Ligand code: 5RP
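Only one chain is included here, represented as structure tokens and corresponding to the form predicted alone.
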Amino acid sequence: MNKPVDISAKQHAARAALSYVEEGMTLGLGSGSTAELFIELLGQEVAGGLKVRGVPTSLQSERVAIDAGVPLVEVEQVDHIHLTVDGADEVGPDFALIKGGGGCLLREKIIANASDLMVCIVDDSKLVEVLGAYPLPVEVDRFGFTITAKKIFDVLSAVSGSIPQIVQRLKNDGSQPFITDGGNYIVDCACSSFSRIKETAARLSAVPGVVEHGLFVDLARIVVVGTDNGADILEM
């Protein structure tokens, strides 16, 4: 059983990530509860005179940034992103991540890939020795998604050696399919583990109908791990 997470652990991680922010930066603003804490703290720095601008990775992080007073810029108007700060659902060896629990993986990966540096902020419950306890989100086109889901099943069966459970994500009330900000479906893929991470990522990306998957490989170079007492900085 995962231990309960004290909100202070997330706050410690979010606050420690502020040390990577410099005057004049264009920042990728991640999604999820820990990233939102970072955005709120960033807003306090902006109120104190820090000049930065943010590119949100979701409609929710956009709303949080507006409420926090963080200046935003449209992604189409950005030619350079200095730093992205974002959370993760799991952090495994070599800083391989599972992301997408909030359904924002496509935009998160676009922004992270375009950034000079990605700093991942998590509480210490998210560190794992092997990825896979958290179901892997895969964003898929709505057209023919059942066919795509079968192909995803075939890939994960081959690379994991186990039988994955592929479930279409629904809204919280269970009444309708969950729709991403980009208008796509998500299937959540539960496997016992993901040990062949790069192969799995490449084979999922090659499936027609897969828009993006939640395996983030070779993107995060720094992981800030919040604890009840502070934050630990892990670097590649």
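Keep in mind that what you see is a predicted model, and the values were worked out from it rather than measured. Position 1 is the first residue in the sequence shown; the rest follow in order.
One more form of this protein should be noted, the form predicted in complex with ligand 5RP, which is absent from this view; the next part is about it.
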- Candidate site 87, 100 and 105: all three near ligand 5RP in the predicted complex by heavy atom within 4.5 Å: yes
- Any of the heavy atoms of residue 32 lying within 4.5 Å of ligand 5RP in the predicted complex? yes
- Message: My question is simply whether residue 12 lines the interface with ligand 5RP in the predicted complex - judged by any non-hydrogen atom within 4.5 Å.
- Response: no
- Task: Look at the stretches 70 to 78, 154 to 162, 141 to 149, 92 to 100 and give the one with heavy atoms within 4.5 Å of ligand 5RP in the predicted complex.
- Result: 92 to 100
- Query: What residues of 111 to 140, in sequence order, lie within 4.5 Å of ligand 5RP in the predicted complex by heavy atom?
  - Reply: 126
